[in-house]
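Taking the form predicted alone, here's one chain by itself in structure tokens.
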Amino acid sequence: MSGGAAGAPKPLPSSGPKSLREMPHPLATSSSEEMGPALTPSPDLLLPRSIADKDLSLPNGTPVDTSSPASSSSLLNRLQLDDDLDAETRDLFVTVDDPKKHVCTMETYITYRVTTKTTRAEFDLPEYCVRRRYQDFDWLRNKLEESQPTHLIPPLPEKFVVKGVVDRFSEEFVETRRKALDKFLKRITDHPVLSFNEHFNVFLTAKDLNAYKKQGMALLSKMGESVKYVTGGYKLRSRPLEFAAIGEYLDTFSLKLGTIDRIAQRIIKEQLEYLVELREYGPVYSTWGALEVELSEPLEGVSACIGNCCTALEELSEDMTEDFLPVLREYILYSESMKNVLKKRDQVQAEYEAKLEAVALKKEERPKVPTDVEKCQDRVECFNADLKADMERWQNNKRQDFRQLLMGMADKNIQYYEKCLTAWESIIPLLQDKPETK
């Protein structure tokens, strides 16, 4: 922008690659050509457990055939499981694994190993391995929000224990959190701007992160400082239509996901209650069979069948708890993060409008627009461009994630019903009349 432009600044241009109307809905159907390779599910996320993971057999040792060549439980296997096409061009890889429990005098906490492999010039070494706890991840996210206010920062899993889990040091909870933290870092790694942030570099490489934490706000960028500017109560006139549409979409999206999350939790709760009943139900047939010699074999078969159905239901509930619910929660938090970026954008626009009004009220002739007004307009345009680019990236990721999520849910349910069907079919021969021997 030229500092010597005369008159009022030009209207804010519509920056960014695409408008909201051009962005595809995350659950919209499209042809394979339209979806492209970016929607190809990742193999490490989609490989389902085989239906024969646990062998089904009757009490007398007769094996049960669980193979189903023409079964539809191979939905996910029918998808072409390829890595992202740009995997070969990536220069930064980060993983979170190996959680360890630390018991100290004052506290007990979990740390995770963060491994980084890179060829970027910004890193002194090609590989780093550090240990981080949850509060370190929280520090990183706060620093990213401060230094990159125009960008959407991926959410962290909730700090406190998730609903229904009492022990935050349980193996299940720690593993669920590890997956979420791993996804958090991978989303930052895939971002063309956030991945080059100096705080992210420090997080991945510093042996002692506490030394950097003590620096406080010293590394806060000028952009971050500018966003914290309070506009003296000036109220934004109105959002541009495309950002108003984004705000309305996020409100509806988070509301729908919240409803699905609540219902899914109720379903899982009811499944677990049903599972308790099934575990009491099956043994009754065994005790009955002990009293009925002629019926002992079919009654034991029914008992074993119910036991196999219990195992299948337990696996389904675990999959829903460990794979389905975390994705819903992540995107609920994601929508809140996007709303926060929208508010920051509105704040900068309100500042810009306030400065324009102040200039207009001056009675002396203005040979040019003040530099601070032009800088403020630049910040608004920067927000607009970054926010729209991140929104498009978020929509693409969301479409892929929800496609994988729903396909996985369908496949797990198919596997569950196939296992139950196979178990019940296996006892039919025991219940049929056998020819009498002469």
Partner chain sequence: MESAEAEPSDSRPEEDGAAPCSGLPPPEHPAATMEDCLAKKMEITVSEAEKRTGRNAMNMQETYTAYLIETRAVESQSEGQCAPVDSLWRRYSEFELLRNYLSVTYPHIVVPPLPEKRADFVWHKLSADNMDPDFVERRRIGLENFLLRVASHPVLCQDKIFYSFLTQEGGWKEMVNETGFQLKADSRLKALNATFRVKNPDKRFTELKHYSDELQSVISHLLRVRARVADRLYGVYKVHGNYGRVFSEWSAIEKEMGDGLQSAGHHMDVYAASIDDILEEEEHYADQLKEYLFYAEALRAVCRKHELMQYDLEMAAQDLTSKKQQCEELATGTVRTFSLKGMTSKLFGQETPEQREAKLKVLEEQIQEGEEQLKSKNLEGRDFVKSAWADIERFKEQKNHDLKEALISYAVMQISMCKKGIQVWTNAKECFSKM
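Numbering follows the first chain given and starts at 1. Here the structure is a predicted model, which is why all the values come from computation and not from measurement.
The same protein also exists as the form predicted in complex with the partner chain; that form is not shown, yet it is the one meant from here on.
Check Asp411 for me: does it contact the partner chain in the predicted bound form (non-hydrogen atoms, 4.5 angstroms)?
Taking the distances in the predicted bound form, the answer for Asp411 is yes, it comes within 4.5 Å of the partner chain.
I'd like to know if Arg399 sits close to the partner chain in the predicted bound form, meaning any non-hydrogen atom pair within 4.5 angstroms.
Yes, Arg399 lies within 4.5 Å of the partner chain in the predicted bound form.
Test of understanding: in the predicted bound form, would Phe324 fall inside 4.5 Å of the partner chain by heavy atoms?
Yes.
Do Ile267 and the partner chain share at least one heavy atom pair within 4.5 Å in the predicted bound form?
Answer yes; at least one heavy atom of Ile267 falls within 4.5 Å of the partner chain in the predicted bound form.
Looking at 133 to 141, 270 to 278, 116 to 124, 183 to 191, which one sits within 4.5 Å of the partner chain in the predicted bound form if you count heavy atoms only?
One stretch meets the cut-off, namely 270 to 278.
Heavy atom within 4.5 Å of the partner chain in the predicted bound form: which of Cys310, Ile332, Val341, Val302 fits that? Just give me the one.
Contact check passes for Val302.
Sort through Asn210, Thr108, Thr252, Ser238 and report the residue having a heavy atom within 4.5 Å of the partner chain in the predicted bound form.
Looking at Asn210, Thr108, Thr252, Ser238 one by one, just Thr252 meets the 4.5 Å heavy-atom criterion.
If you apply a 4.5 angstroms heavy atom cut-off, which residues in 103 to 131 are near the partner chain in the predicted bound form?
If the 4.5 Å heavy-atom criterion is applied to the partner chain in the predicted bound form, 103 to 131 yields nothing.
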